[in-house]
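Just one chain follows, in the form predicted alone, and it is written as structure tokens.
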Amino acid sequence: MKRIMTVDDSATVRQMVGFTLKDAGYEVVEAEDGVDALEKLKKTPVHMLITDLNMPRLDGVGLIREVRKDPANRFIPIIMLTTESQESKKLEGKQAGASGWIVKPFKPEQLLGVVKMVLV
């Protein structure tokens, strides 16, 4: 079973993403910000990361940069799930190593479509 980490400071968003992924048969690990995510990644390897952009302590771009430094996680798909739709933010995410971008609010089938596309 593929394990996906969702990182968002909103418990509601984590729950919505979690329900969507669990219903589709994925195992889900939740983290409330970038620092929490990095701590959990040390103990629990994942096949994919879905992260918010704007979070306290460590934002999504900072998290992606840190994750990409670890050889074990250099190639895992990382999707940004955020309210930001500006091209400059997308470019910053892409330069940090994001694999894709979904703008909130999202439709469950949209999220699953992207997950299936990048998680081979």
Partner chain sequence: MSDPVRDAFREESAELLLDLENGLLELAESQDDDEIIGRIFRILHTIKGSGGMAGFEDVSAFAHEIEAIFEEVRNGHLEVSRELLNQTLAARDLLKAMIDDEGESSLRQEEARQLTEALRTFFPQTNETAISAEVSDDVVESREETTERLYRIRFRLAPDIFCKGVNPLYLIRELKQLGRCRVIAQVDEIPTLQEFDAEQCYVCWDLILLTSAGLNAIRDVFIFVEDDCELQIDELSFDDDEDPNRLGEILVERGDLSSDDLQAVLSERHKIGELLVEKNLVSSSSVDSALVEQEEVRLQQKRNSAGTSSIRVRSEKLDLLVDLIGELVTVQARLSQNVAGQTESELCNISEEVERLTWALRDQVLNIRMLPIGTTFSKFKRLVHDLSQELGKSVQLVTDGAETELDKTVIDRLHDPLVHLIRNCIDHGLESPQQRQTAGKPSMGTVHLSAIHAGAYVIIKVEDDGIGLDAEALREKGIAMGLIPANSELGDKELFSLILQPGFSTAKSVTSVSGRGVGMDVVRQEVESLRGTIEIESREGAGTCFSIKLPLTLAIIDGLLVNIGGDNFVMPLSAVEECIELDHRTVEKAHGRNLVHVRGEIVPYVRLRDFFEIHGPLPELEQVVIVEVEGERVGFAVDYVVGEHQTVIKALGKLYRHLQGISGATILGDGTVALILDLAGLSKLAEREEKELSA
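Bear in mind that the values here come from a model prediction, so they are computed numbers and not experimental data. Positions refer to the first chain, counted from 1.
The form predicted in complex with its partner chain exists for this protein as well; it is not shown, and the discussion that follows is about that form.
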item: Contact test in the predicted complex: residue 4 vs its partner chain, heavy atoms, 4.5 Å; value: no
item: Residue 91: touches its partner chain in the predicted complex, heavy atom cutoff 4.5 angstroms; value: yes
item: Distance check, residue 98 to its partner chain in the predicted complex, heavy atom within 4.5 Å; value: yes
item: Its partner chain contact at residue 79 in the predicted complex, heavy atom, 4.5 Å; value: yes
item: Residues from 57 to 75 in contact with its partner chain (non-hydrogen atom within 4.5 Å) in the predicted complex; value: 68, 74, 75
